[in-house]
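One chain comes next, on its own, written as structure tokens: the form predicted on its own.
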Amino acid sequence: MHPAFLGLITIVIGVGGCLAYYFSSNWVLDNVLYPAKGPQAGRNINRANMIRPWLFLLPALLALTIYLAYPVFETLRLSLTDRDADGAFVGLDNYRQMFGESKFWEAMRNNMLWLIFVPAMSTMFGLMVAQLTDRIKWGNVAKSLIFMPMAISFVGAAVIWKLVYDARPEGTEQIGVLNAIYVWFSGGAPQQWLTIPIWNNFFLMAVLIWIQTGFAMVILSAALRGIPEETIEAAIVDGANPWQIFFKIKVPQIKSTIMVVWTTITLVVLKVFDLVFAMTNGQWETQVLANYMFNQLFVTRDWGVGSASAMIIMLLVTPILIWNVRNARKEMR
């Protein structure tokens, strides 16, 4: 079957199944379990209204249980077992083995570098673009172009940027944009940018910053538009210059939005896999935690250490998720 036709069938069955579930469950609730008629009509309506939200939540709860809760507990169990001993319980041995591998610490170091630079640069560029594009006539066009990378998959972005970093032999025409510029201005030999230790991590980070800047721009642009005009006008009357208005009036008022954008991008960074796998596969000292986990699970087929690394990623992500949920609840009060 053609993939496009298969995808269409999947959409029809999926959407149709959801509609059928919601209509049929409501019909059963209102007509079979708690019919709104007879002497108990009022009590039945109240009971039906109490149960109805759970009918809508049930598919999501089942999906979360099957695809999130169960995998977490199963991963924790596997991280405490040994593949070579028929799944025998070995306690924390897998974690000790993982902590003793240099590749794990390389992945941790690189992830820390990504955490320092990518959220900061993406948020900064997004805020800068959001502010500047509001002042030009063709700002919406500029925003659309900057947001466009968000529509590209990480693997697609990796392919595009591998062409940007491409290097051809010296003396031949360079198709890689970076090497073409470098050779043109310096006259030196083309560089294999993705094989230069430490620096290659920054070249990989540039791809994620390019993608996430559009996300940050959209959220922060909406926040900037939500600032009351009265406060800006009052600052202008008091003689504030554009820099003071931006840093002392606008930024403090959207501080919570900036933090949400920052932490959201941080979650993406902690789970980054596609870019590294497609561009370097963790070679030349570019290993990250998610790629390390993939190699342990599917290359060396050591599910114990692979599951242990997955638990480390989850432990790093969980505090940020909790912080985001708490902030969201505070804003809803």
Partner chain sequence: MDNIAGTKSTLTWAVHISVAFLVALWLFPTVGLFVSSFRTADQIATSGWWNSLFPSEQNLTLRSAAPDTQTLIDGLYVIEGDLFEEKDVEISVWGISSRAIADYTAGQTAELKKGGRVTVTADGLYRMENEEPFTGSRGTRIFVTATAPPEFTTENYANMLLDPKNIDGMANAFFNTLTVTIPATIIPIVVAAFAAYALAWMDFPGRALLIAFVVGLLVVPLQLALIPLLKLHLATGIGKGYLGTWMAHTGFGLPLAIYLLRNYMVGLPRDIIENARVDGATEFQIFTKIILPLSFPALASFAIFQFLWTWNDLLVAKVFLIDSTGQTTVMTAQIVELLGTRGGNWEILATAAFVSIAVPLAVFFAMQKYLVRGLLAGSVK
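Treat the numbers as computed from the prediction; the structure is a model and nothing was measured. Throughout, rigid core stands for the largest set of C-alpha atoms superposing within 1.5 Å between the two forms. Residue numbers count along the first chain shown, from 1.
We do not show the form predicted together with the partner chain, though everything after this point is about it.
Undergrad: Select, from the options 91 to 99, 190 to 198, 107 to 115, 144 to 152, the stretch whose residues sit within 4.5 angstroms of the partner chain in the predicted complex by heavy atom distance.
TA: Looking at the partner contacts, the answer comes out as 144 to 152.
Undergrad: Have a look at 120, 159, 251, 227 for me and say which one sits with a heavy atom within 4.5 Å of the partner chain in the predicted complex.
TA: Comparing distances to the partner chain in the predicted complex, the residue within 4.5 Å is 159.
Undergrad: Can you check whether residue 64 is within 4.5 Å of the partner chain in the predicted complex, heavy atom basis?
TA: The answer is yes: residue 64 has a heavy atom within 4.5 Å of the partner chain.
Undergrad: Please determine whether residue 173 contacts the partner chain in the predicted complex, using a 4.5 Å cut-off between heavy atoms.
TA: Yes, residue 173 sits close enough to the partner chain in the predicted complex that at least one of its heavy atoms falls within 4.5 Å.
Undergrad: Can you tell me whether residue 274 touches the partner chain? I mean in the predicted complex, with a 4.5 angstroms heavy atom cut-off.
TA: Heavy-atom contact with the partner chain at 4.5 Å: present for residue 274.
Undergrad: I'd like to check something about residue 234: if you look in the predicted complex, is any of its heavy atoms closer than or equal to 4.5 Å to a heavy atom of the partner chain?
TA: No - in the predicted complex, heavy atoms of residue 234 and the partner chain never come within 4.5 Å of each other.
Undergrad: So which residues in 210 to 227, when you check the partner chain in the predicted complex, have a heavy atom no farther than 4.5 Å from it?
TA: Sequence-ordered list: 210, 213, 215, 218, 219, 222.
Undergrad: Hey, does residue 315 budge by 2 Å or more at the Cα between this form and the one not shown once the core is superposed?
TA: Not so; residue 315 is displaced by less than 2 Å.
Undergrad: Classify residue 55 as shifted (yes) or not shifted (no) between this form and the one not shown, where shifted means its C-alpha moves by 2 Å or more with the rigid core superposed.
TA: Shift at residue 55: 2 Å or more after core fit.
Undergrad: For residue 29, is the C-alpha shift between this form and the one not shown 2 Å or more after core superposition?
TA: Comparing the forms between this form and the one not shown, which are aligned on their rigid core, residue 29 does shift its C-alpha by 2 Å or more.
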